[in-house]
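Here we start with a single chain on its own, the form predicted on its own, put down as C-alpha cells.
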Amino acid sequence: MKQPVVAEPELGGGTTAEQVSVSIVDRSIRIPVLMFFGSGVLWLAVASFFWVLASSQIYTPTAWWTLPGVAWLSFGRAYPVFLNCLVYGWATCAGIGTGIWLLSRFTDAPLLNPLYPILASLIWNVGLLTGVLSILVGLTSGNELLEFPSYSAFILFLALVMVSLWAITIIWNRKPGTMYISQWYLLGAFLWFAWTYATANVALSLAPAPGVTQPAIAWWYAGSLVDLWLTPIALAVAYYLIPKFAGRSIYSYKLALLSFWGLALFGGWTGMTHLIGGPLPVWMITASIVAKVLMLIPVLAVAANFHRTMESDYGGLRDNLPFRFVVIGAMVYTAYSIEGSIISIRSVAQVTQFTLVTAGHTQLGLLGFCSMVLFGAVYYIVPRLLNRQWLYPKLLTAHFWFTVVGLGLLFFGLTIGGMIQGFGLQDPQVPMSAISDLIQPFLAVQNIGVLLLAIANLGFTVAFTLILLISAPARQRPVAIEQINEASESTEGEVSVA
C-alpha cells in the first residue's frame, strides 16, 4: 500500500508573503552561514596543497618538489594535516553551515541573535589553526583524526557545544507537527558528534585509558565520526534537495525513518573493523563486523527511497549542477557502504588490511560521498543567501568533471594497487621491493587523481570567492545552472501520496 509522506519543502516557494518570509530568514542567517562556508572553502584549499604534497612524497619521495629534508613538511605531518583540514576544516564547517541554513528554513523563523553561531565559527577556526600548527611542529597524539593536542581539542569542543546547543534549541522550538527526516538527521548529527568527540578526547588525553584500549577507542571514534557525523549531515542535505529537484515528495517517510534509526543503531559500532587480528577481545571485533554488514539495511533503504522518489527520471542531472553533485554523492554512498561491508569480513580483510585499499575506501567516503553532497549544498544555498548568480558556469562544470574523473582515478589506483599489494604481502616469497615496484604505476595513477582533485578544489575556491566579491545581477528566480521548476515545489505541511 502506498504511504502518505510529508513533503520537505523550500519554505516560501509560493506566495509573495512566503517569499518575503524566506528572504527574511536568509538575511538573518547570511553572515554565520557564509562564515562557515568561507572557512570551509579556505581549509579545503589548504587540505588540497598538503594532499598533493603527501601524495607526491609516496610516489617520488626523493624528488625536489616533495621537499625532502624539511621535517615539518614530511609525509608523517603533511598527510595528517590534509586529513584533519579535510574533515574538520572543509566537511565540518560546510556541514555546520548547511545545518544552520536547513534548520532555519524548516522553522521559517529568522535568527534573532546570530552572535552564537558567528562566535562558534571564530572559535572553531582558532582551534583548528592551533591544531594544524601543532601537527606541523610535531605535537601530535598519533591517533588518526585525533592528532590535535588537548588544548586545541578543547577549543574545538567549546565551539561544537555552542553550535550543537543552538541547533537543538531551534529544533526544540519548531512548529508543532511531524519532523522532517532531515531534521532527524541533523539532530542526531549534532548530538552524536559532540558526545563522541568529547568521550574520545577524555579517554585518550585527559584520563588516558590503559594499553590496547586506546586504539579501540581511537578507531571507535573514527568510525563514529564518519557514520554519526558526516553521514547524517550529508543525508540530511540529500533528503532535502533530491525531492525538491525531482519536484515531488520523498517516496516513503517510514523508509526514511528506517534508514535513520538503522544508522543510529549500527553507526557507532563500525570503527573497530580496522583492528581485525589485533590484541582485543574477539567479541568486540565481531560486533563491529556485524554492525558494518548490518549497515547495509539503512544504506539500501536510503538508495531505494531516493530511486523511487526520482522515479528513474535523471534528466535533470544534465542542466542542474547542484542536483548532479547531490545525486552522484548519494550513489557513491551506496557503493562506499557496500565496499566497506565487504572489506570488513575477516577473510577479505586478510588481504586488504594495511594496504592502499583502505585508503581508497576512506577517500571514497570523504570525497565521493560527503564532499560531493556538500558541494551541491553550497552551490544551491549561496545564491539564495546573496541573491546573486554563480559566475562563469563553465568553471563550475569543470569543477564537477575534474572531481569525478580525479575521484575515479584515485579510487582505481588505490583499490587495484592495494589488491596487488595485499596478495603480495600474503606470499612470503615475494620481497617488499618487488611489491613496491608492482604498485608504482598505480601510485602514479593515484597521484594524477589527487592532482585533478586539487585543481577542482582550486576552481571551486575561485568560484566561491568570485560570488562573494562580485555583485552579479540579482537572481530573479532560479540561477542559470539550476533549471529547477519552482512551481512544482511543495508548500510547507503539504502531504502527498508516493
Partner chain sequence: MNRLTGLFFCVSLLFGASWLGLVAYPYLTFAGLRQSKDEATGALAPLGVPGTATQGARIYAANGCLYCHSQYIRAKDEGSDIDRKWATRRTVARDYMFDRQVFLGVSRLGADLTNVGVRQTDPQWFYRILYSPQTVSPETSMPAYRWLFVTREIQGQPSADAVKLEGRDAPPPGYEIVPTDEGKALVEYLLSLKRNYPLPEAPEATE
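For clarity, every value in this text was computed on a predicted model and none was experimentally measured. Residue numbers count along the first chain shown, from 1.
Only in words, not in the display: the form predicted in complex with the partner chain, which the text now covers.
Residue-level contacts in the model of the complex: of W90, F411, Y380, W220, one residue has a heavy atom within 4.5 Å of the partner chain, and it is W220.
When you look in the model of the complex, the only residue of L366, L385, L280, L396 with a non-hydrogen atom within 4.5 Å of the partner chain is L280.
Contact annotation for the candidate site: P215, H274 and L356 all lie close to the partner chain in the model of the complex (heavy atom within 4.5 Å). For P114, no non-hydrogen atom is located within 4.5 Å of the partner chain in the model of the complex, even though that partner is not displayed.
Under a 4.5 angstroms non-hydrogen atom cutoff, the partner chain in the model of the complex has Q57 among its neighbouring residues. Though the partner is left out of this view, R105 does not reach within 4.5 Å of the partner chain in the model of the complex, counting heavy atoms only. A residue is said to contact a partner when one of its heavy atoms sits within 4.5 Å of a partner heavy atom; F154 fails this definition for the partner chain in the model of the complex, lying far away. Contact annotation: the partner chain lies within 4.5 Å of heavy atoms from the stretch 73-81 in the model of the complex, the single such stretch among 73-81, 388-396, 93-101, 114-122. Contacts to the partner chain in the model of the complex (heavy atom within 4.5 Å) from stretch 193-213: W195, T196, T199, A203, A207, P208, A209, P210, G211, V212, T213.
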